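For reference, the chain that follows is the form predicted alone, supplied as structure tokens.
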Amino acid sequence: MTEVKDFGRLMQGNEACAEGALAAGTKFFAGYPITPSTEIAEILAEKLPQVGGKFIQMEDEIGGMAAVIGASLTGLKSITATSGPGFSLKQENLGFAVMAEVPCVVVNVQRGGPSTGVPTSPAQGDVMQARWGTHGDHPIIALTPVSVKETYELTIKAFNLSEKFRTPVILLMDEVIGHMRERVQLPKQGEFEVVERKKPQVGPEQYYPYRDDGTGVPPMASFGEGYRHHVTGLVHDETGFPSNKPEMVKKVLDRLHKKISDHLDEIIMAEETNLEDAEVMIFAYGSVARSAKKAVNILRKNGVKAGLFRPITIWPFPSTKLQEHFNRIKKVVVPEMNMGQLVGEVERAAAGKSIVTPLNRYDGELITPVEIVEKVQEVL
């Protein structure tokens, strides 16, 4: 018998996101169509009912985020997808999910802004909004893919981190990654990790929905399972009911942050290319990192020892990984499709040991490899 070779699939980034969500076990999507993320909703509208899941098109982005929180509280892995002004509208309920410790995945396929901006053009202007968009001191995890296949992988990873740490996770894509098509070979079910949320090991009478079991992440019962579960955006004690006692406020906020900061080794991911002997570092993420990798190859062929640092986890910011290089590498170029956002974090990590130079483009066009090469040559 002739062996049939697997040539993979031609897949769009948004399609890979939807397929990754299904592979992770999502059973619920709520949202509102918005360019350039709409394909995620369209695909899940078709495929979720086939696996016993639910799709709801809500009346607006605010309702979409609220419905995702509600579905997650009933035990369903839940996801929403949006862009630009839609991401802005989700911020209040995103903060609620952080405080109430409700696992969910929020996909933001970035486009030009502010406001309605340039809906069909790529941008990376929501990086700081992903970190600080909702008010107050709060932790957040945000991942950013560079390819169609990595979009699939990071969607699964986003669900795993969300369920493990009982927190919202943001998948921060951009229009190029969302709409580009690549041939990919996806792993089969069972070839990747799928994390389920931690359930209580006690009966309903002994259950406290926010009692720390020593890991920083309280076990979570689902609505309808017989466990009493009060949910509020107010600071609360371990019963879930509000408390404004200063010691309780501090205790809750400390735990929310520590459950992330104590596990950075599990959360922070980065790709390093040709940095072992590099004299200049290019720091780039998302679709810009594709141009940056090409620029590194061009520079190397021209005798310039260039390397690439690509953060996969943007938040928490990979400061420690970056700082390992700053004692040796004295020049850093940071290309971004915005007016300068992560460049400030790179400068903070460099702490004066390296000269950090931004390269910004925000006219709706890609940063090209040639532009990066020219900027590197300029700073050397």
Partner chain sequence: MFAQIEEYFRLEKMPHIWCPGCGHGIVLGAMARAIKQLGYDQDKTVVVSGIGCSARASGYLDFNTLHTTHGRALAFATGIKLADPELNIFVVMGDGDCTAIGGNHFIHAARRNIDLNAVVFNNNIYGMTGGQYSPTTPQNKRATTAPYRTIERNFDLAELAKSAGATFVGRGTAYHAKMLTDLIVNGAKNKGFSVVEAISQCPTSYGRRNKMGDPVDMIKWQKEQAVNIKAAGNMTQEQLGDKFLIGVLHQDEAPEYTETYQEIIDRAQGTVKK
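What you see is a predicted model; the values in this text were computed from it and never measured. Residue numbers count along the first chain shown, from 1.
If you look for the form predicted in complex with its partner chain, you will not find it shown, but the lines that follow are about it.
Residue Thr74 is the only one of Ser88, Thr120, Thr74, Asn297 with a heavy atom lying within 4.5 Å of its partner chain in the model of the complex.
Contact with its partner chain in the model of the complex, defined as a heavy atom within 4.5 Å, holds for exactly one of Glu279, Glu92, Asp213, Glu266, namely Glu92. Proximity of Pro187 to its partner chain in the model of the complex falls outside the 4.5 Å heavy atom cutoff.
In the model of the complex, its partner chain sits within 4.5 Å of a heavy atom belonging to Gly53.
Among heavy atoms of Pro114, none comes within 4.5 Å of its partner chain in the model of the complex.
Its partner chain is not drawn, but in the model of the complex it has a heavy atom within 4.5 Å of Arg228.
Residues placing heavy atoms within 4.5 Å of its partner chain in the model of the complex fall in a single listed stretch, namely 231-239, out of 267-275, 193-201, 165-173, 231-239. Taking a 4.5 Å heavy atom cutoff to its partner chain in the model of the complex, the contacting residues in 53-73 are Gly53, Lys54, Phe55, Ile56, Gln57, Met58, Glu59, Asp60, Ile62, Gly63, Ala66, Ala67, Ile69, Gly70, Ala71, Leu73.
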